[in-house]
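Read the single chain below, which is given as structure tokens and is the form predicted alone.
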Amino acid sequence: MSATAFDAAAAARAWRPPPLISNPLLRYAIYLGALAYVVLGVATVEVNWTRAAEGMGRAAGFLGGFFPPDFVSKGDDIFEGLMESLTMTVVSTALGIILSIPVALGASRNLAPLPVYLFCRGIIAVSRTFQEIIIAIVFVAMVGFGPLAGMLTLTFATIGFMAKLLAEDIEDIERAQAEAVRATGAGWFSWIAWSVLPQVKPRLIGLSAYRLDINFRESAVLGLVGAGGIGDTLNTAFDRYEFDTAAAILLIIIAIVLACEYTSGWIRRKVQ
């Protein structure tokens, strides 16, 4: 090989991606503008450093109250809140998945006529517009404090989450397989059961496991607005300044969330 031969490896190493903004003056002007904005933004934040220094001792006392975590003195309340949260999570996830399947079928443009498609997409949009806390406040006002409000909130949120992602998968199914089943003279329900659902079943199982994980975490948050669950027990512990009990509840929540995340990840890997 001659010395002047093209060295592709060296050229690849020497290659650099072009800058997002080709004009260097404009690029550096934007950098300086962003830096000035950050400096001015930080400068406008009013911080009373004397008061912050005085609060350090109280903050240390507050954090010290978490140790050691107390799992025993309020064990019955913790167990009751935990069981309430788990029940709320399982029931709302199951109901949400069952209700989301017809909504997803209706929200798939390749399956549903335009009026049905628009109606189901409207349900998904409404479900996904509001954060769970806002929905929980509405249901608490409608049905009162307790796990029923939390269960309704999580079910409503699950419908929007599951139906949107499932509808996108249904719209991407293999048309040839669907047409082959239709060519056998199968009715609509048989066509759905034998051509559509088998193609999206792994995704449905994976999303269901993922949503179960999300719903447990959300059930801990919803208790803060009176929607029951372990979050309600946690809020009560903070209100009573029982920080050692609150630390025990937080550790239990972390352990269950980690277990749910590991389990849902394992299920998704198995079905994909």
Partner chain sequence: MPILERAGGLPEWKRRTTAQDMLVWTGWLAGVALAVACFQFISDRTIWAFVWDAPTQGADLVSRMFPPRWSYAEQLWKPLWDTINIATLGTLLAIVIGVPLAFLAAHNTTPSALLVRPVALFIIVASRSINSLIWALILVIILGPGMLAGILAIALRSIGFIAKLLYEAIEEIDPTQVEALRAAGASNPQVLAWGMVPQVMPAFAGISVFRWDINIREATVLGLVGAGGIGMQLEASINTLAWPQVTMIFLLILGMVAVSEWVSARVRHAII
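Given the structure is predicted, the values throughout are model-derived calculations rather than measurements. Residue numbers count along the first chain shown, from 1.
Below, we turn to the form predicted in complex with its partner chain, even though it does not appear here.
Interface membership of V221, defined by any non-hydrogen atom within 4.5 Å of its partner chain in the model of the complex, is confirmed. Its partner chain in the model of the complex comes within 4.5 Å of a heavy atom belonging to R217. In the model of the complex, at least one heavy atom of T87 sits within 4.5 Å of a heavy atom of its partner chain. In the model of the complex, its partner chain lies farther than 4.5 Å from every heavy atom of L207.
Taking Q177, N110, T129, T184 one by one, only a single residue has any non-hydrogen atom within 4.5 Å of its partner chain in the model of the complex, and it is T129. The stretch among 169-177, 184-192, 113-121, 134-142 whose residues place heavy atoms within 4.5 Å of its partner chain in the model of the complex is 134-142.
Interface residues of 167-195, taken as those with a heavy atom within 4.5 Å of its partner chain in the model of the complex (partner not displayed), are absent.
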